[in-house]
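Take a look at this single chain in structure tokens; it is the form predicted alone.
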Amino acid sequence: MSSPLSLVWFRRDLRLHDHAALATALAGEGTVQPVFVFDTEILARFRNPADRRLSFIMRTLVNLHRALAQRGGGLLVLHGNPRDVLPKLAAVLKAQAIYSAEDFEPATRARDAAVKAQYNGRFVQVVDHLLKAPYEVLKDDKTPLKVFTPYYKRWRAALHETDYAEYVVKDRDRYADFATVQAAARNAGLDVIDLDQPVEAALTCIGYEYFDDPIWQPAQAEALLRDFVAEKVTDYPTQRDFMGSPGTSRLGPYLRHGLISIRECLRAASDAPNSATWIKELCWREFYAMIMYHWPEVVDHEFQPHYRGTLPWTRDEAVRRVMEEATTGYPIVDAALRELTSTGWMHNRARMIVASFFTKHLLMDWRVGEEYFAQHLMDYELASNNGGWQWSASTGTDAQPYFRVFNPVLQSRKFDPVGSYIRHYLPELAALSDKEVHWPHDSLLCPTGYPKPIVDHQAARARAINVFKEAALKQLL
């Protein structure tokens, strides 16, 4: 390869438009080669062979490969540990640089540092997955903020149009010869996944089965954003909590994997009326990423130090089974759990109800819940999931007070008033009235197979409050 070549490492930016790393690489000389690595260290955590997310990712990669082929290139997909395969690929291709978007989780930061240490060329990282990097929004004394509202105010004030301007990808005649690149990678002994074969066969190469998902389609990302901004964002402040109505964007999976960029989300929202509430929700994602960046210990420990080792969390297998089988006896909780396993998604209000129920009513270790969500959520992001579970458990930053314990029946009546959400996911309760469906146990029509409540709300609430009080007292003694 006579002209200089640069690798563009695709990760959470699976698109060809508004692509920060690709646009930055193209601003230099020579040709570029997009690369994606199925990271074996990450995959080791997700052992479900029919994990719908892997099918979603593989379909997205095939679409990208086809689009790149039309532009004279192709997407090189490898299977292995990036710490090893990327430096080796760069050496084989004599790549002068590796470009990627910066990642801010502890494990991925360590991975990137290892790749950089083993690579002799330039390792260039840009901010793409967030609007503001975690080290950009700080207090006046340059220390990080711990509470969302002050962070949001500074984040909002710091945002400039340049932060969400589009990265225009000018890639005409700029891609390396893909056949040559692919052959060189194979000859070097790298595990190359052929994207010209059927998706089912490509998934088999990395140890997964194809999941024919009718819900999450890679091609619909742009239309979802467009339709949400045009039809729903104005009513988002009043409709977002109602679980039985389509009041949320459902853009999470597309934003998490980068089929749309955070910049285009903000550009679209900025042009829409009454969009401030949705923009604030986008900021929560950045806030939790910032927290994990500055306090990486929250991956495994409570953010609030006084709760570390002082709360009697349970990891009882029976409680875990109740979560897996959706048999709490509280319809709104069971419906939410069924939504998760059947769709790979859970409404945001439902996530709070479920996390509160298991950490407060059952005193289940929040780490167990975080891991369960991690195995199923299409939009799983470590920082946001960790932050949400710790918020509900009252152990995180900006957490709800420990004495605030959601009453799942009241939450159900308020945010699923006619029971449409419950009936959809618990059809066995469909015959109940709008009042009975929230608490079927007093109804003569309650099906005999529906489980009795695993715990009494009032007793569980009193126990949780007492447990947290005792933990606080231990710190004073």
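Heads up: residue numbers just count along the shown sequence, starting at 1. Note that the coordinates shown come from a computational prediction; the quantities given were computed from them, not determined experimentally.
A second form of this protein, the form predicted together with a small molecule, is not displayed here; the remarks below concern that form.
Select from the listed residues 313, 210, 152, 380 the one whose heavy atoms reach within 4.5 Å of the small molecule in the model of the complex.
-> Of the candidates 313, 210, 152, 380, 380 is the one lying within 4.5 Å of the small molecule in the model of the complex.
Could you work out which of 326, 202, 364, 355 is the residue within 4.5 angstroms of the small molecule in the model of the complex, going by heavy atoms?
-> Flagged contact: 355.
Can you check 179 to 187, 153 to 161, 276 to 284, 77 to 85 and let me know which stretch has heavy atoms within 4.5 Å of the small molecule in the model of the complex?
-> That would be 276 to 284.
Considering only heavy atoms, tell me if residue 99 and the small molecule come within 4.5 Å of each other in the model of the complex.
-> Although the small molecule is absent here, residue 99 would stay clear of it in the model of the complex, with no heavy atoms inside 4.5 Å.
Please run the contact check for residue 348 against the small molecule in the model of the complex: heavy atoms, 4.5 angstroms, yes or no?
-> Yes.
Is residue 301 close enough to the small molecule in the model of the complex to count, meaning some heavy atom within 4.5 Å?
-> Answer no; every heavy atom of residue 301 is more than 4.5 Å from the small molecule in the model of the complex.
According to a 4.5 angstroms non-hydrogen atom cut-off, is residue 134 in contact with the small molecule in the model of the complex?
-> Contact with the small molecule, no.
So in the model of the complex, are 248, 255 and 388 all sitting within 4.5 Å of the small molecule, heavy atoms only?
-> Yes: each residue has a heavy atom within 4.5 Å of the partner.
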